[in-house]
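To begin, one chain is listed below as structure tokens, in the form predicted on its own.
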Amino acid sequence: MAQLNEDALRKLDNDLQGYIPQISINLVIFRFNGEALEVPGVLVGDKNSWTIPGGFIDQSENLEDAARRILKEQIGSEKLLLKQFGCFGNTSRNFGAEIENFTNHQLPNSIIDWFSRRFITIGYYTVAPPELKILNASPLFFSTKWVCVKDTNTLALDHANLVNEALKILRSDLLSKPLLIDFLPDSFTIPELQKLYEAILGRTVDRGNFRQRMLKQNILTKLGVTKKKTSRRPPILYTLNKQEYLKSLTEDIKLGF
């Protein structure tokens, strides 16, 4: 739970004066939980208003530097793939309704005014490992949680649209950007890898074609049989051969499954 004490509000008010007004950055941070894609959600205020994380640009800050700073504030790391996927600015786009969610807190008029104006936002997406934790990066964020991509239609503002647009770019980048490096754990099975591809693509893929394609690319290094007890043939663990994987990335190759 955020603590909107006098010191926190004073610091927030002071920080806002150094930011470019009416421009924001939003981050769509994808991770794979083993079954589905998820993105972080942050609770703005003390009502049920969830958004994706975001922040603002300092007057003396380059755009991507601001995005990486916000990324570090939100997940504790700035060394991840970061790609701009769009700019959003409908005339009705403002945080007025979200500011009204602070029903039990007295916000200064300067903060209310700053957030109640129309905002244009620049969207970036990134890919994070499954163990990633979300940080409460702002006193205005009262809680955090992971939201399944399929459930993001409940997000406030136009953030469901931001997630959908980011997902389109993620899919188009699947063969040309090193997405698997951050998505995958150190070891995995081919069925687990197939689930990741299906989660990104939003459709099922043929098991046999997928396995053949993955092994043919030589991007997987076999580690051995898993220790899991099963009545069937135990699955084989692999790790990603990053050097071969990076060499395989190209926009000219088709999925083939």
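Just so you know, these numbers come straight off a predicted model, no measurement behind them. Each residue number is its position in the shown sequence, starting from 1.
We do not show the form predicted together with the DNA, though everything after this point is about it.
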**Request:** Counting only non-hydrogen atoms, choose the one of 30 to 38, 43 to 51, 56 to 64, 209 to 217 that falls within 4.5 Å of the DNA in the model of the complex.
**Result:** 209 to 217
**Prompt:** Heavy atom to heavy atom, is I23 within 4.5 Å of the DNA in the model of the complex?
**Reply:** no
**Message:** Using a 4.5 angstroms cut-off on non-hydrogen atoms, would R233 count as touching the DNA in the model of the complex?
**Reply:** yes
**Message:** Given that the DNA is not shown alongside this chain, does P191 nevertheless sit within 4.5 Å of it in the model of the complex, heavy atom to heavy atom?
**Reply:** yes
**Item:** Interface residues of 147 to 177 toward the DNA, as seen in the model of the complex [heavy atoms, 4.5 Å]
**Value:** none
